[in-house]
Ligand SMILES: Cc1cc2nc3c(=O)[nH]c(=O)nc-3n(C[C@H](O)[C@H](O)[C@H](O)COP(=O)(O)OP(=O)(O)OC[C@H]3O[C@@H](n4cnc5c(N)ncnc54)[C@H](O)[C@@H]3O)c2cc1C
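Okay, here we've got a single chain as C-alpha cells, the form predicted alone, with questions on binding and movement later.
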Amino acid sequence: MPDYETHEYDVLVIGAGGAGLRAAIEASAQGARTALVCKSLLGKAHTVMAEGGIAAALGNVYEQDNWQVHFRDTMRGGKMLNNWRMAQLHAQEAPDRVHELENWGALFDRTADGRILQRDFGGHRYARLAHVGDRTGLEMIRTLQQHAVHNGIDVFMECTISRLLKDGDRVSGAIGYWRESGKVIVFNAKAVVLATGGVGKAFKITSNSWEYTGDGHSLAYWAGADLIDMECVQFHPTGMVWPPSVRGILVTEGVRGDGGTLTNSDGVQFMFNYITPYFASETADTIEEAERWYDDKRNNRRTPNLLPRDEVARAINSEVKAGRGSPHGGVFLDIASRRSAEYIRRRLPSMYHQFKQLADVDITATAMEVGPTMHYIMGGVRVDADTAQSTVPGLFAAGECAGGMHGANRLGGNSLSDLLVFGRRAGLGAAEYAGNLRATPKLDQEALDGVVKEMFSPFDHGSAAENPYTIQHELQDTMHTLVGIIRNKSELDEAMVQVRGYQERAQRAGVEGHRQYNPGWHLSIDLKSMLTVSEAIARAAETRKESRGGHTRDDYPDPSPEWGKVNVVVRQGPGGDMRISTEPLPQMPADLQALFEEAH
C-alpha cells in the first residue's frame, strides 16, 4: 500500500470527547497499544459544551440519595425503554468515576464542609449533579486530556474516518483522510471503539457543532452493526432563539436548577399546567399528589420547570403554537427576578458571558428568549452493557453514538457520567478483546481501494455535479419540519421520500479544486453519514406507533404497553438496503423491578 499512510494498533478509538478519552485511557492502562483519532482539534470535543454537571448519587447534598434512586430516575426518565443493565451499571459506577476524575485533578464546586457540591436537574429526585459552575464539560475534557497525553497515547488530530474495515466478520481497522492535506490514512487494529457523538447537523436548529454528522452511527451500520432507538431524539427545551446568529446554542438546565422559571407572553409560569399528565402516569396517583410533589412554595428545590426535557420541550412547543410565545418564537426564561446578579455571575458564568457577548442580553437584569433545539439522540449502536461491544466482533461504542443507556429520553447530567462509565468499559472491553487475538486481523486491499475511489469521486462529477451545501440545507429543513419534535405518518412518509431523493443527489455531489483545505469535499463525504442516520431516524419513527419520551406522534399521542416492551432495530440488509425490525427489551430482574413498586 505505497500510497496510503498506515499505522498498526491494538485499539483504535475514534472520537476524542469524554467517552473517547476515557476509553483510550483505559485501553492504554491495560497495556494495549492505543491510538486516538479526532475529527477536530484535541480539546475541541462537544463534551466541553456540557454545562450543568455530572449525575452521580454521591449523597453530598441529600444523604438519602443512592444508586437505586438514580437507577429508578433514569429508567423513568427513559420511559422504561432503557437497557436496564446499562442503567444499573451507570448508577452504581458513576460515583467512582467522579471521584476518579477528582483524583486526576478535576476541580469541583464545594459544599461548606468541603465535599463535592451537587445541584438539581430535571427528572432527578435529589440534587445529584457534581459541577464546576456551568463549565463542567470543559473541566472534564481538560482533566481527561491531560491524563491521556501524560500516558503517552498517540493522537491523530483533524483526521476524519470514512469507513471501518473488516476481516471476515470482525473489525480489522479503519480508513480516513487528513483534513489538512486530503491524504489517505489507514489504521490496522485489533479492536475499534466508536465515540463520535451525535447527529445534530442533520437538523436545521441544533445545539451541536459541525462535527456532529452521525459518523459513528453510520460507520457501525455500514460495518454490519445493529442500531436501536433511532426514533428517540431529544430536543433540549432551552436553546437560544434570538438573535439568529446564535439560534440553537444551549442554555444550560442549570439556569432552571438554580431557580430560573419559564413564562409565556402573558407572564404566566405555564409549566404548572403540564405537571399532571407526567406525574399522574409516572410518580403520582392523583392531581393533588402531583401538585404537592411540585409545590414550589413548600419545597423550593422542586419546580415544574425541572420536569424531564421531553416534557418541557413539548410544553414550550404547545405554548408557542397556542400564540403565547415570545416575539421570536420561543418563551421566556427568567432568573434575574429570582437570584441576585452576584449569584448568577458566580453560579452561571458561562451563561452570563454567552448572552452578554453574543446576544447583548444581561441575564442578571432581563429574561432570555429560549425554545427547543435538537440536542441529543438516545438511539445508537446496540452494545453489550458490560463490555460495550457491538454486534460486530471487535467493534465497541460508548457515549452518544451508543444506544440503550437512556431509553426514550435522557435525563440532564446523565450524559457526562455515561461518558465516564461506558467510556471506561469500552476501553477495557476493547483491550481485553485485542489481548485475546494472537495476530492483527488482515486488511482487505480491494475494499481499501474501493473506499478510496468513493472518497475521491466528488472531484469527478464536473458540470453535472450537485452542490453538497444545497443538499445539506434541504435535508436540515426536511428533518426539522417533518421529523422534528411532533411527528405523524404522512409527514414521516414524505420525509423518507425526500431523504431518498437527497441520497440519489448526494451520489452526484461534486466539488472543485483539490483535496487540500477543501471543506466542500469534506461535506460531500459527511453527507453520506447524515443521510444514513436521517433515513434511520425517519423509518424508526414511522415504525414506533406510539408517543414515548423523545418520540412524539400526534397520530398516536399516548404511550402503548406493547410498544414499551420492544426496541426498534435498524440494520443493513445483504443488498445494502436498510431493514427495520422490532425485538423484545432485555428482561429486568425481579429485585430491580421491585424498586418501581416502592412508595414514592
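Note that residue numbering begins at 1 and tracks the sequence as displayed. As the structure is a computational prediction, the values presented were derived from the model and not from experiment.
The form predicted in complex with this ligand is left out here; the points below concern that form.
Only one segment in the set 340 to 348, 487 to 495, 452 to 460, 411 to 419 has residues whose heavy atoms sit within 4.5 Å of this ligand in the predicted bound form; it is 411 to 419. Using a 4.5 Å cut-off to this ligand in the predicted bound form, not one of V199, T261 and G371 places a heavy atom inside that distance. When you look in the predicted bound form, the only residue of V533, A50, A541, L58 with a non-hydrogen atom within 4.5 Å of this ligand is A50. In the predicted bound form, at least one heavy atom of Y212 sits within 4.5 Å of this ligand. Although the partner is absent here, R548 is not a contact residue: none of its heavy atoms lies within 4.5 angstroms of this ligand in the predicted bound form.
In the predicted bound form, at least one heavy atom of N208 sits within 4.5 Å of a heavy atom of this ligand. Of the heavy atoms in A426, none are within 4.5 Å of this ligand in the predicted bound form. For the stretch 18 to 54, the set of residues having any non-hydrogen atom within 4.5 angstroms of this ligand in the predicted bound form comprises G18, A19, G20, V37, C38, K39, S40, A45, H46, T47, M49, A50, E51, G52, G53, in sequence order.
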